[in-house]
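One chain is shown next in C-alpha cells, namely the form predicted on its own.
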Amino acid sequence: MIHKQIIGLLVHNHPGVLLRITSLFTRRGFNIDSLTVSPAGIDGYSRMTIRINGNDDQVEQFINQMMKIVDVKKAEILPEDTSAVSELILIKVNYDNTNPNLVLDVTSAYHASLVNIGKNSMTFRAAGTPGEIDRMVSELTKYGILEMARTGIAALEKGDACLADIQ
C-alpha cells in the first residue's frame, strides 16, 4: 500500500550531498513531498527529513541505496505515529469587513498567530502536524488564500533513540 513515509538522514555537510540524495529519488521516478535540511547538532553533519509517497518495500530499498552514498552516515524510516512531526506555514488570507471574525475563528482553532494585517488580507503563522496544517488550509480556502509558504516537515523519533547517535 502506498502512503506518505518519512525518512530521516544524517549526512556529512559537504557541497553536493543534497544533489546526490535527491538524484536517487529522481532516477527512481519518485517525487519528494517534503524536504527539510538543517544542522544536526554535530560538527560537520546535517540532518535531512524527507517525505515521499511509497510502499514499505520501496522505502526500505531507498534506505539501503542511500546507505551506499559515501556522505550518508545514517538513514532510517520515521513512522509518523512514533515520531514527533511538525511543520510551519505562513498563510495570507483574503478578508473584508464581513468575514474577519470567521477567519480569526478558523485560525485560532489551529493556534495560528496573526503576523500582519493589510487592507484586504491577514497573514498568519501556524505550526502543527502536516495533517493539521492541511485541515487549516482546507478550511481557509473558502475565504480565499492569496499566498502561502510551507517549510516542510521536521521529525524526530520519540523516546530516547536519536538519529544523531553515530558511535
Partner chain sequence: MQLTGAEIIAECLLEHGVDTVFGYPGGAVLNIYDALYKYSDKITHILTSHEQGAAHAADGYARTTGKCGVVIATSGPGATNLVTGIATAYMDSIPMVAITGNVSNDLLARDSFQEVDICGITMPITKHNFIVKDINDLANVIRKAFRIALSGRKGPVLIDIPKDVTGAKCEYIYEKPKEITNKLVSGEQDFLNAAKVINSAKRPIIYMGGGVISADAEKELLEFAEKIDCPVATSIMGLGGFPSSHRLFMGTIGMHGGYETGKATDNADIIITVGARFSDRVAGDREKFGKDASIIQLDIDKAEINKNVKINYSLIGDLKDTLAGLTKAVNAAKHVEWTKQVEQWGKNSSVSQTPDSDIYAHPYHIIDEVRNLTNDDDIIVTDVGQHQMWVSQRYRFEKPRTWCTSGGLGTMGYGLGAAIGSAVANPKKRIVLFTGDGSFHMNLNELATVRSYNLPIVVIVMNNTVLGMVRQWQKLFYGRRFSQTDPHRKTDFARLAESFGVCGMRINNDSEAAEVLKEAFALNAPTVIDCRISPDENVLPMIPPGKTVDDMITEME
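Positions refer to the first chain, counted from 1. This structure is a prediction, so every number in the text was calculated from the model and none was measured.
Omitted here: the form predicted in complex with its partner chain. The next part is about that form.
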Based on heavy atom distances of 4.5 Å or less, which listed stretch (112-120, 24-32, 38-46, 125-133) is in contact with its partner chain in the predicted bound form? 24-32
Look up in the predicted bound form whether S108 has a non-hydrogen atom within 4.5 angstroms of its partner chain, and give yes or no. no
Using the partner position in the predicted bound form, report whether Q65 sits within 4.5 Å of its partner chain, counting heavy atoms only. yes
A149 near its partner chain in the predicted bound form, any heavy atom under 4.5 Å? no
Does at least one non-hydrogen atom of L102 fall within 4.5 angstroms of its partner chain in the predicted bound form? no
Which residues from 40-64 come close to its partner chain in the predicted bound form, meaning a heavy atom within 4.5 Å? D57, E60, Q61, N64
